[in-house]
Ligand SMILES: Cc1cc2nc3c(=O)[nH]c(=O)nc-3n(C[C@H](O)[C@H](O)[C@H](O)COP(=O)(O)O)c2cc1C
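Below sits a lone chain in structure tokens, taken as the form predicted alone.
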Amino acid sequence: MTSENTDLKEKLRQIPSLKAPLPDMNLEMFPDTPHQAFSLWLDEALKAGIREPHAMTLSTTDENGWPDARILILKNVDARGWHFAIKAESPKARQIAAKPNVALTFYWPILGRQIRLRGLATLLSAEECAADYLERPQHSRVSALASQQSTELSDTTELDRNLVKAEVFLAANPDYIARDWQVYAVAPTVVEFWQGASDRNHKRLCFTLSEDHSKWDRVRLWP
């Protein structure tokens, strides 16, 4: 092992994690469904002042079977699942179209809390996708319209030109809806709520949807 690697290893060891005090997780009083539990924990994350608690990692699988992950923003949670928006030509959209089983992960370090979901991503109706696009701030709509997401950008002036064109176009056409804007809902079959502890005796509660989708079964997992 080189000196550089040794220094990095030592540096990583010195970074504190799961520092006390951390909140407890009352398993007896925990909500009956993952939807209710998520809403409760999100409120507590907001009260704790966590920045962007609606940021989550979307994990997909590419055409070669490799996992792929990136951070997105949660748009909504309802009976259909956890919602997010993407562009139809993006790699993640193509991956979901081919393999719609995905995972979502939330992590709030100040509280030492993690939420993990696995389930099927389903494209919502054209009307809902359009409504979501129109509800976005103007600069977000401009960016979505101008971007050729994840393709090679060899000339930064091209991006600047596209942004100007998109801004002018949307100013003249405020009700325009980007055809490639998509909103998905992930209907989870497994949801885990993880409360970290400084002594590493973490509390983990796993919700599993029954085969007939009529109820959620709950079990506690080992740390």
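Residue positions are given as counts along the sequence shown, with the first one as 1. It should be emphasised that the depicted structure is a prediction, and the values quoted were computed from it without experimental measurement.
What follows is about the form predicted in complex with the ligand, which we do not show.
Listed stretches are 72-80, 121-129, 138-146, 102-110; the contact stretch with the ligand in the model of the complex is 72-80, by a heavy atom cutoff of 4.5 Å. By the criterion of a heavy atom within 4.5 Å, Glu52 is counted among the residues contacting the ligand in the model of the complex. Proximity of Ile115 to the ligand in the model of the complex falls outside the 4.5 Å heavy atom cutoff. In the model of the complex, the ligand stays beyond 4.5 Å of every heavy atom belonging to Ile96. Contacts with the ligand in the model of the complex, taken as any heavy atom within 4.5 Å, map within 77-99 to Ala85, Ile86, Ser90, Pro91, Lys92.
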